Ligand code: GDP
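Okay, so here's just one chain, in C-alpha cells, the form predicted alone.
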Amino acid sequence: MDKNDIIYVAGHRGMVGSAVCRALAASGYRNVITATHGQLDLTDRRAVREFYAASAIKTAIICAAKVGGIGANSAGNATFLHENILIAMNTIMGAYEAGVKRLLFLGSTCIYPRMAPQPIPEDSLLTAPLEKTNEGYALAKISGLKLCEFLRRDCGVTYHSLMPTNLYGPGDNYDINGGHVLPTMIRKFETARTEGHKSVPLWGSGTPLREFLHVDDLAAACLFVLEMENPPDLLNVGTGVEVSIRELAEKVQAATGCTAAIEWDSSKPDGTPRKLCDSSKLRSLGWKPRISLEEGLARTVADYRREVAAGTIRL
C-alpha cells in the first residue's frame, strides 16, 4: 500500500476497526476513510455500492460484523447469519464492482470445525461439522472468505482474509448478556469489586481451552499482510498460547484486584472444548505477537476503567 492511497475501514467504531485505524495512523497512512452506521448501512446493497462508487478507494479493510458471545450466538443464529452474510457480500462485491484492487476480510477462528485438529491449521476448513452455538456467524464468515478467494482466482484482484483467535482490548463490548467471555469477565469482576459483591457467577465448567490475542497485535498483523505483494488467501492470527477459562478467570480476577469468590454455573454451555489456532504460516512470513496476556489484561482493565469514568463504555 502507498501511504497516500485512500483506504476504507469498515467497522471503524468497533474494537477491531478502531485498532486498525490507530495502526494505520501510526504507520503514516494519511487517507483513511470511514462511515458510521448512520451514514452507511452495510446490509443495504445499493447504499454500499453507491458509497464505493463515490470514493476512489484503493484498499478496503472489512472489520465490520455483528458479534456476540456464546449466549447471544446460540440464541440468535439466524440473525447472526443473515446480518453478517449481508455485510460480507455487500462490502466485498461492492469493492470489486467499484474496481477496488486490494481487500482484507477479517473473520474468526470459529469458522473451523468443532472438533478440528489442535492447533487448528487453515486447511481444516470445511472438513467437519461446525460448533452449533455459533454456526450462523461461522457460515457467514466462511462465505466472505470464500468470496474473496473466488474473486482473486477468477478476476485477478488481491482479496484475502485473516482469521484471528479470540480478541480483547480497548473499545470492546462489555455487554453482560451479549459480550464475549473476556470482556464479560472484566465487567463482572470490576462490578463485584466496586459494589462489594461476595461472588462472581460465570458460565460453564471453566475447563474449555482458549487462546487470546490483544487487538493491537491483530491490527499490526493486518498492516503486515497488506504490505505484502502476494499474501496467502487465508491466514490464522494468534499467540499460540492457550489458557483454560478457569485460569483466565483467575487472571482477570487478579488484574482487577477483585476478592469475590468465583461461582461456576455448569448448567450453561461451554462451547468448543478447545480452540487453539495454528499461526505458523503467518509467523513464518515474519509476524509475531508482542503483547502477553498478562500485559494485555492489565492494559485492558485500565482502558475499561478509563472508559467507565468517561462514560464511553460499550454495554
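Bear in mind that the values here come from a model prediction, so they are computed numbers and not experimental data. Residue positions are given as counts along the sequence shown, with the first one as 1.
If you look for the form predicted in complex with the named molecule, you will not find it shown, but the lines that follow are about it.
Asks: Could you work out which of 226, 181, 120, 163 is the residue within 4.5 angstroms of the named molecule in the predicted bound form, going by heavy atoms?
Replies: By the 4.5 Å heavy-atom cutoff, the listed residue in contact is 181.
Asks: May I ask you to choose, among 222, 202, 235, 88, the residue with a heavy atom within 4.5 Å of the named molecule in the predicted bound form?
Replies: Of the listed residues, the single hit is 202.
Asks: Can you tell me which of 52-60, 65-73, 283-291, 29-37 lies within 4.5 Å of the named molecule in the predicted bound form, counting heavy atoms only?
Replies: Single hit among the candidates: 65-73.
Asks: Residue-level question: is residue 208 within 4.5 Å of the named molecule in the predicted bound form, judged on heavy atoms?
Replies: Yes.
Asks: Using 4.5 Å between non-hydrogen atoms, is residue 278 touching the named molecule in the predicted bound form?
Replies: No, residue 278 stays farther than 4.5 Å from the named molecule in the predicted bound form.
Asks: Wondering, does residue 270 line up within 4.5 Å of the named molecule in the predicted bound form on heavy atoms?
Replies: Contact check for residue 270: yes, within 4.5 Å of the named molecule in the predicted bound form.
Asks: Should residue 188 be counted as a contact of the named molecule in the predicted bound form, where contact means heavy atoms within 4.5 Å?
Replies: Residue 188 belongs to the contact set for the named molecule.
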